[in-house]
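Before any questions on binding or motion, here is one chain by itself as structure tokens, the form predicted on its own.
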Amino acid sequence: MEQDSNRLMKEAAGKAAVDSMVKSGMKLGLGTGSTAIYAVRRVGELIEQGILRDICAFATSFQTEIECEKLGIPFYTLNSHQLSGGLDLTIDGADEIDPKNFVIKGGGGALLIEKLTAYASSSFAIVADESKLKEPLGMGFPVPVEVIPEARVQAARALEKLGVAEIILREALRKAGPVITEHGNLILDIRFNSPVDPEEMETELNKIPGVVENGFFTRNSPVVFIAHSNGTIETR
């Protein structure tokens, strides 16, 4: 029953964001994960019904690309003529959201392209259920840090100096060894031993040699759609 309730909240948040913000003719970024997938499916449903037309989408992962293929959502690369490196709107999920609408993302391992997409968008929307509301960030759900393989040990040492309490190399499921991202990198999942400033830490983490990107998202303030267990949708 609890799993069913959680699924319904995710679906409600995804639908609310699409119905509220997506318009025909948009260049649309589509996110990755268990909540964002419902936004993707809603876009597909509205295209099939003829309510949405001329959508040019960008998918943030192979998972989302495959879903777009199934649903008939036209998608392109960010470098394509259709998108030209910019988007009108991106809809994505989050692992944690604080009162300032700063978020942690990357639990699904797609943080690099998710951030590229979010920061290439004129508008940004986050869809989530109420369990994702947290304060402070970075002490509960781990913050992913994507590193090139050669920097794994060096980056871990630098992270320790920033006050990181726990550093874990993300291990794959149903496969021996670490998670390899879609760009051939590794992910270090980190937790802090005291509250940090997400804005400052987003910058500091990316100064470490070999770090490609991190899971703090603070520079494009999103509209957040939060589904609650009582059936309401909070928009902030």
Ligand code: 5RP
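For every residue, the number given is its place in the sequence shown, counted from 1. In this text, all values refer to a predicted model and were calculated from it rather than measured experimentally.
Below, we turn to the form predicted together with the ligand, even though it does not appear here.
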Based on heavy atom distances of at most 4.5 Å to the ligand in the model of the complex, which listed stretch, 172 to 180, 191 to 199, 204 to 212, 33 to 41, is the contact stretch?
-> 33 to 41
Checked L159, A125, A110, V147 for heavy atoms within 4.5 Å of the ligand in the model of the complex; positive is A110
With heavy atoms only and a cut-off of 4.5 Å, decide whether K10 touches the ligand in the model of the complex.
-> yes
Answer yes if any heavy atom of D88 is within 4.5 Å of a heavy atom of the ligand in the model of the complex; otherwise answer no.
-> no
Could you tell me if G93 has a non-hydrogen atom within 4.5 Å of the ligand in the model of the complex?
-> yes
Do K132 and the ligand come within 4.5 Å of each other in the model of the complex, heavy atoms counted?
-> yes
